[in-house]
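Next comes just one chain, in C-alpha cells: the form predicted alone.
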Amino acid sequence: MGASLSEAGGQAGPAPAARQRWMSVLAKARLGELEEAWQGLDDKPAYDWLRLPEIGMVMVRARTGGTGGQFNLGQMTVTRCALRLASGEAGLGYVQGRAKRHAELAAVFDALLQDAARRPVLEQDVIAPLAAAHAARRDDRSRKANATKVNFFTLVRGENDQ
C-alpha cells in the first residue's frame, strides 16, 4: 500500500505499517519513558481533545495451539483517547490498563510522527530508544524464564520378553 492522504492539507501520510509499528512501541513503553521523551521535546505542541482518555474493556481472543480455532480468552482493561494537534494531525492512543496519561502521550507522539518533517528526528530520538528498551525488558524476562526451564525426558525401560 502507498502513502495515504492526511486530513490536514492533503499531504502524504505515513505508510500504515510504519504507523502500526510506532503505535505498538508507544503502547508498550513505560509511562516514565514517555514522560522523559515529552520533557525532551523543544517545542511541545498544543492540541485539542477529540476523545478524552477513557477506560474500558476489550475481549481478548486467542487460538488453540496458536493456529487453531479462535476462542475468547477473557477481558482486558484498556485506555484510549484521540486528539488533534493545532497543525491538524490527529493522534490515537490505545494502551493496556488504566493509564490515562500514557494514552495521552501515546496519542500526542502518534500525531507528531505523522508530520513528515518531524518524523525522522522522532523516530531516532523517541521511537528507537523506546523500542530498544522494550526489547531489553523482553529479553530479560526471557532469560529469567529460561533459567527456570526444566527438561523432562523418559528413559526406556530395558524389559524384554526373550
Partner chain sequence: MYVAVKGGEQAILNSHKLIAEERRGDTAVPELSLAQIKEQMQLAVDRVMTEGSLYDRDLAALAIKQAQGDLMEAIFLLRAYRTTLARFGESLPIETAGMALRRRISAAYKDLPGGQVLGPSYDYTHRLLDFALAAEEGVGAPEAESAESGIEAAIPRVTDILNHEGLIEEEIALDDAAPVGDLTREPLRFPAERDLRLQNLARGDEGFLLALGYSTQRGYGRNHPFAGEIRLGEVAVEFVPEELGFAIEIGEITVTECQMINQFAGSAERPPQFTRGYGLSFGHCERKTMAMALVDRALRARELDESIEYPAQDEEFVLYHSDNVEASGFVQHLKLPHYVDFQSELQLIRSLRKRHAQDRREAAE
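The model shown is predicted, which means the values in this text are computed figures rather than measured ones. Residue numbers count along the first chain shown, from 1.
Quick note: we don't show the form predicted together with its partner chain, though the next part is all about it.
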(Q) Under a 4.5 Å heavy atom criterion, is residue 56 part of the interface with its partner chain in the predicted complex? (A) yes
(Q) With a cut-off of 4.5 Å between heavy atoms, is residue 65 one of the residues that contacts its partner chain in the predicted complex? (A) yes
Q. Should residue 47 be counted as a contact of its partner chain in the predicted complex, where contact means heavy atoms within 4.5 Å?
A. no
**Q.** Partner proximity in the predicted complex: residue 37 to its partner chain, non-hydrogen atom cutoff 4.5 Å
**A.** no
Q: Taking only heavy atoms into account, state which residues of 15 to 30 are within 4.5 Å of its partner chain in the predicted complex, ordered by sequence.
A: 16, 19, 20, 23, 24, 27, 28
